[in-house]
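What follows is a single chain, given as structure tokens, in the form predicted on its own.
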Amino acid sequence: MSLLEVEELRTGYGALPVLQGISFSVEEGQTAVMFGLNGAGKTTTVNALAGLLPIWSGDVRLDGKSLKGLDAPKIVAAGIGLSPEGRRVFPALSVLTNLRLGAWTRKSAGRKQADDTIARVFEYFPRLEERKDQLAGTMSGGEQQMLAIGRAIMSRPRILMIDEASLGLSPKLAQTVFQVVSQINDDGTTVVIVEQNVGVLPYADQALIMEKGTITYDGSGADLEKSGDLRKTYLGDASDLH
């Protein structure tokens, strides 16, 4: 049994369908990367897994237990954390307060566990510790991305989902973020990344390609990396990778 199982998932916005019955699974301890152009359905997928969109039909199971019908806070408590597209940090609050808000679903665990998790976040992203009293809205895009990932870690998820981890970052900073996410995975957290940047591919145990609300490829990252012209493999000649 896989840690995450998605079966014939259909959902969308209002009356507009986006996901056309997708199915995939992610094994515990792996990093899965979902590629595809804008509008392919990647963000819709992780938002549905996080409880931000209703499941119209199909099912999502975490460790064999269905998440269908659960709201976002209950899904976070069950073990799925999301670093959303656009980061969505609280700009008028400090870095430290942003992190503490990420632990609110675990408030019953007590202050010590939250403090221990903050220390762990600072190990991954030392720059956040240097700026712990700074307002999040005054930070650079890269620092805000680190904060968004750190905030998602605060719920101590079994699966960490990151939507567009490298969006707006320089190639060098994007690689730094990918390396830290790889370390988070090595420390035992299963990771699902939504990306257009193929620079993340060396870190992918599993690669998924989405097109028009369907999954057109589900295989190992290594096999996809060796497949030749990666752009033509799933984006055609009009690819817009950065």
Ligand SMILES: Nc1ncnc2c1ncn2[C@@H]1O[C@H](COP(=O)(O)OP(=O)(O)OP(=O)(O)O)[C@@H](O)[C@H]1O
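The shown structure was predicted, so the numbers you read here are calculated from the model rather than taken from an experiment. For every residue, the number given is its place in the sequence shown, counted from 1.
Unshown form predicted together with the named molecule; subsequent notes refer to it.
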Exercise for the section: Evaluate residue 85 for contact with the named molecule in the predicted bound form, applying a 4.5 angstroms cut-off between non-hydrogen atoms, and reply yes or no. Expected result: yes
Is there any non-hydrogen atom of residue 207 lying within 4.5 Å of the named molecule in the predicted bound form? no
Within 4.5 Å, heavy atoms only: does residue 224 come near the named molecule in the predicted bound form?
no
- Query: So, in the predicted bound form, is residue 50 in contact with the named molecule at a 4.5 angstroms heavy atom limit?
  - Reply: no
Non-hydrogen atom within 4.5 angstroms of the named molecule in the predicted bound form for each of 13, 37 and 41 = yes
Among 22-30, 41-49, 169-177, 59-67, the stretch whose residues bring a heavy atom within 4.5 Å of the named molecule in the predicted bound form is 41-49
Contact check, 151-167 vs the named molecule in the predicted bound form, heavy atom within 4.5 Å, ordered by sequence, gives 164
